[in-house]
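Okay, here we've got a single chain as structure tokens, the form predicted on its own, with questions on binding and movement later.
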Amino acid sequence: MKSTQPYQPLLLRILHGLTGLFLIVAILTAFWTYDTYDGRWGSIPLPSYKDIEGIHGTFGLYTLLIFPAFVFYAFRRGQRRLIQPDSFTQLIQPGKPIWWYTLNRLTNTFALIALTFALFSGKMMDEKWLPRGELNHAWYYAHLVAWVIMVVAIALHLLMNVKVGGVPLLMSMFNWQFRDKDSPKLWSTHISQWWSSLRQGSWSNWFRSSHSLLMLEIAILISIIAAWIIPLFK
């Protein structure tokens, strides 16, 4: 590993990589689904494939399943990569390094919010709507908007990371070398230690996050839970 390449924790790379992989496939198949069943706002000559919605839904489900773990990591171990209490104050220093780092944190946070909206709106849809030609449901429009927002969020996320860390930062997410303390062999030990400390009352540290981050984390987790529960009553 090159010395100029920053080190990323192995668990972050795994969670980020799986979330990103499932999400990108979901985004691509989402457009193919739109192109097959809708196309009112423009289309490209993709082959009509009636089962594409099922494939999109599958990868959307995979993203939803891995997303809670990624959210927990992002807000617990990766807080410094997200919006900070003084972020908006730092935005009055345009052009300075801290300004770009703050924008990077904002785009990272925005990407989490955008993905939450995309997953929630997707779960509110009925898979039979599009095959039946029912294209005017509010949740379908919401999911289309979420698709656009998600594409913009990913683009900003990549651009800001390139700006603050260059190509080495991007490539560090694909480097599978890891330090001894990150070895998967130690994960069971780390989990046992975490559970032991939790039982001893360290859970109270969970509430020591900045107010805005804590509220955002709770809102995202509640949205994920609601995405599973609400469809049961439709």
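One rule holds for the numbers: they count along the sequence shown, beginning at 1. Small disclaimer: the values here were computed from a predicted structure and weren't measured.
The same protein also exists as the form predicted in complex with a small molecule; that form is not shown, yet it is the one meant from here on.
- In the predicted complex, the small molecule lies farther than 4.5 Å from every heavy atom of residue 226.
- When the small molecule is considered in the predicted complex, residue 73 lines it closely, a heavy atom lying within 4.5 Å.
- At a distance threshold of 4.5 angstroms between non-hydrogen atoms, residue 23 is in contact with the small molecule in the predicted complex.
- In the predicted complex, residue 134 stays away from the small molecule, with no heavy atom inside 4.5 Å.
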